[in-house]
Ligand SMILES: NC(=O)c1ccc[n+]([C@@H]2O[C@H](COP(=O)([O-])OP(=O)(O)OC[C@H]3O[C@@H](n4cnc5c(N)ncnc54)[C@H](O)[C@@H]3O)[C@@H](O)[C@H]2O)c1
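Okay, so here's just one chain, in structure tokens, the form predicted alone.
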């Protein structure tokens, strides 16, 4: 990585123990950022932190369930206190679950909203408060999904949570811009992580999905990490309130014309 856009910056990444969150942390660290990793899994955090440190990054870890408002806010403050401030916050904590509209339980609905939407809010709100107090602006990047505007069968609760994140990004950007804080969201399509292995590792459905994707492949965590790094950097200094779709083009259109 030749660019060092984040030298001297302090970046907190939730969901940093695996998948997209870990890839984002690695990308930010490769460009010079000091990293705070937040995750529910101690094992995932330890593994991700070891990988980052092996690459020369300065890392702190925070075992937290982001659905716990007090614990989530405390983790953000703890990182900022340890690192001497916070310049970037990325909320990537989440999980996947399939349940139809008529089958999803109240408990499953609440857990999905609590982790994705509420957890995003708790961490972003505290990061925003600290950035305002610091008086030098900052960047907040929220991980949403293409399901925010293109739901799939069996993920109504996930889609609702991700739509909330996308709208929250716009609302927060509207209010925090006056403090020099930019808030944007990313809308990934299917990214090759353990959470999507049920599709990416299943030959027939995988072939059908990639055939519908203009770029002809699944996304990789590094694709999302590159988008997050852009939005967190000064290269995006006049971009706020935006949902950046990273989906290989699958939501661009539908081909109704038989081929061949």
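Positions refer to the first chain, counted from 1. Source: prediction; values computed, not measured.
Form predicted in complex with the named molecule: not shown, discussed below.
Taking 65, 58, 235, 222 one by one, only a single residue has any non-hydrogen atom within 4.5 Å of the named molecule in the model of the complex, and it is 65.
Among heavy atoms of residue 241, none comes within 4.5 Å of the named molecule in the model of the complex. The named molecule is not shown here, and in the model of the complex it never comes within 4.5 Å of any heavy atom of residue 12. A residue is said to contact a partner when one of its heavy atoms sits within 4.5 Å of a partner heavy atom; residue 30 fails this definition for the named molecule in the model of the complex, lying far away.
Among residues of the shown chain, residue 92 is one whose heavy atoms approach the named molecule to within 4.5 Å in the model of the complex. Contact check at 4.5 Å (heavy atoms) against the named molecule in the model of the complex: none of 128, 172 and 176 pass.
Proximity to the named molecule in the model of the complex, taken as heavy atoms within 4.5 Å, picks out 184 to 192 from the listed stretches 129 to 137, 80 to 88, 99 to 107, 184 to 192.
Residues 115, 116 are the ones in 114 to 141 with at least one heavy atom within 4.5 Å of the named molecule in the model of the complex, listed in sequence order.
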